[in-house]
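The chain below stands alone and is given in structure tokens; this is the form predicted alone.
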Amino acid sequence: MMEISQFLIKMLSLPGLSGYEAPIRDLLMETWRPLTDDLNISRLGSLHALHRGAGLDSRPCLLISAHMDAIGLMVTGIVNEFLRITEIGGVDDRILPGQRVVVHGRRDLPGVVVKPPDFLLPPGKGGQTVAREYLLVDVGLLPAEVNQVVRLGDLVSFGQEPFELSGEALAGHSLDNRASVAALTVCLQELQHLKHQWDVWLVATTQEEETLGGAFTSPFEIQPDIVIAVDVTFAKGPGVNEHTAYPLGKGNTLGWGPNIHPALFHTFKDLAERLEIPYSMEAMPRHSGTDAYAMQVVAGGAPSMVVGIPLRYMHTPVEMVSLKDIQRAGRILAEFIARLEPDFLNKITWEDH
């Protein structure tokens, strides 16, 4: 069985910004191929992996998604030898100065995000967070060389290397949401030893950080009967309100709200308790901010569920996750699949509490 920490480190060493996911998709195709019955790529670049059920020919279908795209930057201008940048996804300007990056030009260039000294900033701009319009990327080349290698629109990914910490934790960029992609991989490994009746599609979606494009289009193509989104959620940490975050390393979250089918929530809750898997109920009073927001309403709609993995320092190059929580998410998904009866859909209603 694959060592999940090493697989995560391998994923985090690859780019794959929202809308440009090919590098991470190629790795997933290689990894998932021996674990699945069929692989295909959607028109928007999402990866679809089928694990067939053992039921009759007319089998119901479950889709489980985890978005594989990451936040990052894009070159918007070249000023002498320096690069102006904008964001792809939600990047916090406060963490950018001093960050190592990789500029994906005609060849990959290591670089660093730099800012002017305070006294050179416009009046009133010093001594505070520097706006992105004043930040630049320096790749160490002369102006003529920069213009030969870098073009407007080139991608810029974070260059922070992932690393393991004590307590079975791992830190790095893009753990939102490659931690959940790892959980889907754990689920696939578990399914090698479990019999299940339903067809299961594991989908690594594209563009969640910007358009939810993969989450809208893949369910339309697959036409699932139930959808589950696996994504990260906010873990408790410095300055985080207790009621809006969840313990790191102490289990997954189960979403509850209008984006969640009540019967699915209670099924997962009961299963977690039966398997002695720790969990927290995550209140989602509006939409969940995950693929489930889109998948729930595709075509005629589908009962949806959200499983969360607590993550510290979201949308920074040092996001932190517990490896135990990833393993737990993969296990509860596999156990849910194994327990799905062919007539499960006939037994649930929205009012099923």
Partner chain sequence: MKNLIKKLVESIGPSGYESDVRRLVQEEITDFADELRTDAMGSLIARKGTKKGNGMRIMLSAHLDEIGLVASHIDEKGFIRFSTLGGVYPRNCPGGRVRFMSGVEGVIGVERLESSEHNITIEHLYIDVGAANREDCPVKIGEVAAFHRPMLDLGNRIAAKSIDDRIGVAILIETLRQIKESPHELYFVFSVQEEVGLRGAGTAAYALDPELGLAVDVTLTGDTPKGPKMEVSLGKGPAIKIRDGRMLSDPRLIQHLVQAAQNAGLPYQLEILEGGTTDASAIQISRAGVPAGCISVPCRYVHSPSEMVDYNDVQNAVKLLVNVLSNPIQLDKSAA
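It should be emphasised that the depicted structure is a prediction, and the values quoted were computed from it without experimental measurement. Positions refer to the first chain, counted from 1.
Below, we refer to the form predicted in complex with the partner chain, which is not included among the displayed structures.
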Candidate from Phe82, Tyr134, Trp256, Tyr279 lying within 4.5 Å of the partner chain in the predicted bound form - any heavy atom: Tyr134
Among the candidates Val114, Met74, Ala169, Ile95, the residue which, in the predicted bound form, approaches the partner chain to within 4.5 Å (heavy atoms): Met74
Leu194: touches the partner chain in the predicted bound form, heavy atom cutoff 4.5 angstroms: no
In the predicted bound form, Phe216 touching the partner chain (heavy atom, 4.5 Å): yes
The partner chain contact in the predicted bound form: Glu190, any heavy atom under 4.5 Å: no
Close approach of Gln99 to the partner chain in the predicted bound form, 4.5 Å, heavy atom: no
Interface stretch in the predicted bound form with the partner chain - options 219-227, 247-255, 181-189, 194-202, non-hydrogen atom within 4.5 Å: 219-227
In the predicted bound form, residues of 15-30 near the partner chain [heavy atom within 4.5 Å]: Ser18, Gly19, Tyr20, Glu21, Ala22
